[in-house]
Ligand SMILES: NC(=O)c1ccc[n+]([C@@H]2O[C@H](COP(=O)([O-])OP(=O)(O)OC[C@H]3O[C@@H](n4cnc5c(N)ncnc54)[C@H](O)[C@@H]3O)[C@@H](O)[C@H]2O)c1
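Read the single chain below, which is given as structure tokens and is the form predicted alone.
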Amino acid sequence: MPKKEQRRLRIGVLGAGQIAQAAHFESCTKAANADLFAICDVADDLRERMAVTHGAAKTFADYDAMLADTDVEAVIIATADAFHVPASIRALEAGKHVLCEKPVGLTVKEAFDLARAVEASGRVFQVGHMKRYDAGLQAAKAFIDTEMGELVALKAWYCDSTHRYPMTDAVQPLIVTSANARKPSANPKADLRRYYMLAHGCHLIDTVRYFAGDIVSVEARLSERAGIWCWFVDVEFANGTLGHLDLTVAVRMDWHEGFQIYGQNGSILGKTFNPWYYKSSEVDIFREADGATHRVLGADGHFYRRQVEGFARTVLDGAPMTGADVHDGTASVRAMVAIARSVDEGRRVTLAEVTGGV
């Protein structure tokens, strides 16, 4: 891991559940320019065990108490989705910088409210779309921006697997639970169509926006058969690129995620792995000029740690944000709502129709 720098961002993590244990605690302890300074969770047993395991300097049972601590400079929101927006707004109002897990909100109105709070705060706000820190995806993005010329078409797929839990259980740390953990008032998995889109669709949407920019409209179909939810989505991008998205939960095969991109001066073919393997995507970049294909190794595949370091560079050094900002997060929510509306109404839906009142 990179050697710790002298000046490091002091981060407090809200929530000590699965995503914090699997990703954020370790990322803060391994980051060169950040520290896991505090952990906040209402479950005393879980909070104190995590503090001992990961060496947090302070613990808090009360979120407002952590926000009042002047030594805490930034907060990672690692809670259930329903708490993302209210917890983020409270942190911003307390003067903290925020890295919030995806999705940024459950509704477009929530996302719009958060965007206004970010603008008023003057603080750094980043959404936890950690795939933007995959070296393979970054290489593809660099080629698109500097060499590809006109981007013509993009196909991308994100297909969860029926075998993902045995695979992730083998590589993740043992997740510790507590009967005292705070849960949302409604079960997020009660509506699986909505849950799968929020959990997985937001990754797919952010990835294609990272490559091709703003989405103008979508036309979607959904098949629910044999215990499989499959969305096929035709996408129109603002720059004229045509796109096709495949979101399927869950395929009867290995994790299946990737993309194909066709452009004026070359093409890109990418294969992305289950994120808990911490393996950079295999991305083959073909240059028409020399008729050769190039692939970046991306030996450092710890996307979550690299995300924390990028966030910290923006806060500490004023570096340009390399992750997803609140507007990216809002655009993702709007696209998900547009896809749902397109499925329900059987027509193409523009994102301009999806306003803050939804």
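Counting begins at 1, following the sequence as shown. Here the structure is a predicted model, which means the values were calculated and not measured.
FYI, the form predicted together with the ligand isn't displayed, but the following is about it.
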Check: Ok, Arg182, Arg116, Lys155, Lys271: which has a heavy atom sitting within 4.5 Å of the ligand in the predicted complex?
Finding: Arg182
Item checked: Interface residue in the predicted complex among Phe143, Tyr133, Phe83, Phe237, criterion: non-hydrogen atom within 4.5 angstroms of the ligand -> Phe83
Next item on the list: Select, from the options 215-223, 97-105, 258-266, 281-289, the stretch whose residues sit within 4.5 angstroms of the ligand in the predicted complex by heavy atom distance.
Entry: 97-105
Check: So in the predicted complex, does any heavy atom of Ala335 sit within 4.5 Å of the ligand?
Finding: no
Check: Does Ala32 reach the ligand in the predicted complex if we count a contact as any heavy atom within 4.5 Å?
Finding: no
Checklist line | Contact test in the predicted complex: Gly12 vs the ligand, heavy atoms, 4.5 Å | finding: no
Check: So, in the predicted complex, is Val42 in contact with the ligand at a 4.5 angstroms heavy atom limit?
Finding: yes
Check: in the predicted complex, which residues of 291-309 put a heavy atom within 4.5 Å of the ligand?
Finding: Tyr304
